[in-house]
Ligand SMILES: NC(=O)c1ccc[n+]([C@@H]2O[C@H](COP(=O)([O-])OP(=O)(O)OC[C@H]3O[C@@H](n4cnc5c(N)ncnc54)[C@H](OP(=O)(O)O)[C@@H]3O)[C@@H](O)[C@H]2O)c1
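Shown next as structure tokens: one chain only, the form predicted alone.
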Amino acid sequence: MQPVRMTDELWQHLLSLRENWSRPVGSSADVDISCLTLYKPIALRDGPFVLAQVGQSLDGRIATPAGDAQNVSGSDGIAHLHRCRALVDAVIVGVGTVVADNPSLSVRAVRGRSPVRVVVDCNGRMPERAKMLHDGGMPALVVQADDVPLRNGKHEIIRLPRRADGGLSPRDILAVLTERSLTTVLVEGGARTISRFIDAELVDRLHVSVSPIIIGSGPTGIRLPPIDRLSEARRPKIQVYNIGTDILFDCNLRIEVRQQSGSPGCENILVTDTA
């Protein structure tokens, strides 16, 4: 496990990479390499890059059954999330997150520029009083199905064809963002939106920030189609970081670690949970 110690000098260096300055701010010889390993892939502009971020409890919950998600992540987990926002062009959330939490999706815990806010709102549920529509911050783009009646509002609406399953294609969403030069993207929530992007094989890195609390029940942060055997489970290459109040799993979804096969006589056994 690698400890992460962010300094003003290192953060300024990462911001200079994010802005593609002709002369990036240098870093001293004793710079914390773990910070560069964690954040540099996001800051660099080598091509399209999609990061998904989940903040959860020890037992994998992102909120209580009543929907209270306040302070699931510790202060350092929140700072990490805001660093990720500051290093990307756009942040994506589903409309359910807007309805439940009314987020601003801006950068406040660290220095840096806020990203363009993108809301996946397939059925036209975007609240007209949503904070992000009236805070004077970066633009808010609302992505809707093209069969939803248009409403006048203080935001740009992007219309896409509805898929056979009733939703919108994550690939189509990224394509329209690329047309607007928004190529480095953070998919922040909720669980359905993150899961759709992961299931479509569009996420380069997944950050799972685990806070030392046990909620006991409530929604989980990732919900993919079910599998029967653990041999079918995804096994990304992972780096683990101690970011202070939280432990961060940096999952490279482009590199999968092959499961070591057992002995020739080993069998896959399905066990029914009878607890």
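Don't overthink the numbering: it's just position in the shown sequence, from 1. What you see is a predicted model; the values in this text were computed from it and never measured.
One more form of this protein exists, namely the form predicted together with the named molecule; it is left out here, but the text below deals with it.
Visitor: 108-116, 129-137, 162-170, 177-185: which one contacts the named molecule in the model of the complex at 4.5 Å, heavy atom to heavy atom?
Guide: Looking at the other structure, the answer is 162-170.
Visitor: Using a 4.5 angstroms cut-off on non-hydrogen atoms, would Ile243 count as touching the named molecule in the model of the complex?
Guide: No, Ile243 stays farther than 4.5 Å from the named molecule in the model of the complex.
Visitor: Residue-level question: is Arg196 within 4.5 Å of the named molecule in the model of the complex, judged on heavy atoms?
Guide: Although the named molecule is absent here, Arg196 would touch it in the model of the complex, with heavy atoms inside 4.5 Å.
Visitor: Residue-level contact is defined here as any heavy atom of the residue lying within 4.5 Å of the named molecule in the model of the complex; does Val54 satisfy this criterion?
Guide: Val54: contacts the named molecule in the model of the complex.
Visitor: Taking the named molecule as it sits in the model of the complex, is Ala63 near enough to touch it, meaning that at least one heavy atom pair lies within 4.5 angstroms?
Guide: Judged by the heavy-atom cut-off of 4.5 Å, Ala63 is in contact with the named molecule in the model of the complex.
Visitor: By the heavy atom within 4.5 Å rule, which residue out of Ala69, Leu206, Leu248, Ile42 makes contact with the named molecule in the model of the complex?
Guide: If I apply the 4.5 Å criterion carefully, the residue I get is Ala69.
Visitor: Would you say all of Gly96, Ala100 and Gly189 touch the named molecule in the model of the complex, counting a heavy atom within 4.5 Å as a touch?
Guide: Each of the three qualifies.
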